[in-house]
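Consider the single chain below, provided in structure tokens and representing the form predicted on its own.
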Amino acid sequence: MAPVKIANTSTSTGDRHHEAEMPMFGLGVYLMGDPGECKSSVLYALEQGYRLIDTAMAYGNEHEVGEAIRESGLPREDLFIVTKLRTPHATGYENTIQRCQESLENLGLDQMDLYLVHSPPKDPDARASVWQGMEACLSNGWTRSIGVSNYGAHHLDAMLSYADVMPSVNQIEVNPWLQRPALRAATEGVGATVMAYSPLARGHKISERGITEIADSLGCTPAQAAIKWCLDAGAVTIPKSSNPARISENLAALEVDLSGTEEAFAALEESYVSGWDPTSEP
């Protein structure tokens, strides 16, 4: 699957800045907290052909992602590494700068490919200064692109009043049971790409009749059908797994053809949030 071109769009001119090619599919490493679990998972995924790795300071495993990158022997320019500003750290300009440098140190990198605000800062008055800190990280070359995660349409709309450039990405929970057409459209409307986390709804729905019937009709697994639905919706998709067989199974989702299942997938929508949902916060 061809990569997507992401960019930070100027709020004053509409020009696209800091363009980067981002793989449409990658590995999420949330909840990989056991010693060595994240490192071995990332190494295996890279061996299988994954090139996008999504981590966060809050996950506590940036250092293992960095170790896997170095041990893989792959050229740095072939990889796309994403990490995030931890929500309790999103308090202002200086803290944003400091935490970006700490993430780079943890990863052992001179530059990350995408740095995200993990969720809208709890203090609405801090949101402008946090984003200005993100813009400084971009200007300093510490990251190739900046974006947000868990931002609702109203959060994105508010950014137009204080941002010099808009996010290149909004990473949100999207899956066949939480399709979010309005938020996906709002994200694309500010020039950002949708990035789907929890494409399998944390496994809560993957054994239900609707998705299993779709998968049976396609000759694939329910997980592969759900992942491919997210990809076909235009979202960069990052299923999490530390199981080698699942990592390989998820990658094979790219070959699945969902033709003829559109109505069946539409019927799965139930606005089911499997994790947290800061998109609805003020």
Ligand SMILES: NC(=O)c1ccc[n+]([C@@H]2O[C@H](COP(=O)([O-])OP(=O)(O)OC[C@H]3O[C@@H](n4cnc5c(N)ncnc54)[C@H](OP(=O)(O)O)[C@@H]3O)[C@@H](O)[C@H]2O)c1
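A residue's number is simply how far along the shown sequence it sits, counting from 1. Note that the coordinates shown come from a computational prediction; the quantities given were computed from them, not determined experimentally.
There is another form of this protein, the form predicted in complex with the named molecule, and it is not shown here; the text below is about that form.
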property: The named molecule contact at G66 in the model of the complex, heavy atom, 4.5 Å; result: no
property: 4.5 Å heavy atom contact, Q179 and the named molecule in the model of the complex; result: no
property: Touches the named molecule in the model of the complex: S103 (any heavy atom, 4.5 Å); result: no
property: Touches the named molecule in the model of the complex: I206 (any heavy atom, 4.5 Å); result: yes
property: Heavy atom distance at most 4.5 Å to the named molecule in the model of the complex, all of V29, D54 and N150; result: yes
property: In the model of the complex, segment of 228 to 236, 247 to 255, 209 to 217, 66 to 74 with a heavy atom within 4.5 Å of the named molecule; result: 247 to 255
property: Heavy atom within 4.5 Å of the named molecule in the model of the complex - the one residue of L200, V165, L114, A186 that qualifies; result: L200
property: Q171, T96, T143, T83 - the one with a heavy atom within 4.5 Å of the named molecule in the model of the complex; result: Q171
property: Residues of stretch 225 to 243 in contact with the named molecule in the model of the complex (4.5 Å, non-hydrogen atom); result: I238, P239, K240, S241, S242, N243
